[in-house]
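Just the one chain here, laid out as structure tokens, in the form predicted on its own.
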Amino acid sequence: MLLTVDHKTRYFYDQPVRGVVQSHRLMPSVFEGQRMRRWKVSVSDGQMGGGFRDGAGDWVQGWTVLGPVSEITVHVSGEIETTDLAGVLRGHKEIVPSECYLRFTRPTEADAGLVALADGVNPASDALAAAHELSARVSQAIAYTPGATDAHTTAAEALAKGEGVCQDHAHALIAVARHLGLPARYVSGYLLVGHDGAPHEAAHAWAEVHIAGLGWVGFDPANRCCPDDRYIRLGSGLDSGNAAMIRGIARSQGEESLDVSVTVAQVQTQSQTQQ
């Protein structure tokens, strides 16, 4: 599938800031499931700094904006060809051992409710089947409800509430998988929405579980599926904060607000048009 992305993040400051430093994970992952045709990231009044590929295989790019400035826009645009690999992350180079993703963080800590949710699932006999079962249980336990939670909601809190967004589904699946000894991590990216009429956001998140002998496999409890060619993978981490597309700090005493718009569209090729 050929997909285009237009993603704008606008930062507004109630008083001019002296400067901003940001770290981006906005470049598509390099693996067999996606091939980048064109991709551009720009920052208004920004100066590109150093970049590097980290141990998880993600490209991390630094940016600096010198003040005074009251508004900053980060713009991502591009075109990428995707292939359905049934959720398997094939051909992705990384050096971080999968066991590192057994470590709990605050958003992914398994409380009594999450432990109960995983009760009876045994990954020892069939880890892949166990991961599918855990994803299905998370889908059933947490109803997808836009605006029900915020960026600081933990997996335990979302489960107790019984509703949340894709971030909460990913955190909950990570929590129960790690509880059962399966390495799991948070993935950020984009999703072509509108395919099934569901109200999901184009900026999306899901989880990957490491299966011995197979590698990392993606699961999206919010959509009750494994990532396919509608998904664009950007980066991963222990949780949403660790895998954030944009992280930064502003030199200011004022308040910051932001506005995000993301559009993912399918390009109709000539062969598709003739069908």
Partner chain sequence: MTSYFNEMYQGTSVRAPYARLQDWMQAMPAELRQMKQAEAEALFRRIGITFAVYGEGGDPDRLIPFDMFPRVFSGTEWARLERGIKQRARALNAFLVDVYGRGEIVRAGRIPARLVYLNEAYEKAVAGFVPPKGVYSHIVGIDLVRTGPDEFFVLEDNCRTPSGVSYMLENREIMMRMFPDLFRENRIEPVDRYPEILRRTLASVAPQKCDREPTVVILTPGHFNSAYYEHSFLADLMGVELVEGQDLFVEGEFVFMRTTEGPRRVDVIYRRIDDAFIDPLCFRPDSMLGVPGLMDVYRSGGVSICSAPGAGVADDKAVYTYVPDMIRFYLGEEPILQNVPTWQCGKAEDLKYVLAHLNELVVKEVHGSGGYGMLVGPKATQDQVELFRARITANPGNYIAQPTLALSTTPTFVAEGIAPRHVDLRPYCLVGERIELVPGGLTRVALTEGSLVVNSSQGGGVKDTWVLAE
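Just so it is clear, the model here is predicted, and its values are computed rather than measured. Numbering follows the first chain given and starts at 1.
FYI, the form predicted together with the partner chain isn't displayed, but the following is about it.
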Self-check item: Joint contact, Leu2, His7 and Ser139 to the partner chain in the predicted bound form, by non-hydrogen atom at 4.5 Å
Solution: no
Quiz item: Among 227-235, 203-211, 50-58, 30-38, which stretch has residues with heavy atoms no more than 4.5 Å from the partner chain in the predicted bound form?
Solution: 50-58
Quiz item: Any chance Leu258 has a heavy atom within 4.5 Å of the partner chain in the predicted bound form?
Solution: no
Exercise. Answer with yes or no whether Arg103 is in contact with the partner chain in the predicted bound form, where contact means some heavy atom within 4.5 Å.
Key: yes
Quiz item: Is the gap between Val267 and the partner chain in the predicted bound form 4.5 Å or less for some heavy atom pair?
Solution: no
Quiz item: Quick one: does Asp84 come within 4.5 Å of the partner chain in the predicted bound form, counting heavy atoms only?
Solution: no
Practice problem: Scan 16-37 and note down the residues that get a heavy atom within 4.5 Å of the partner chain in the predicted bound form; none is a fine answer too. | Solution: Val21, Gln22, Ser23
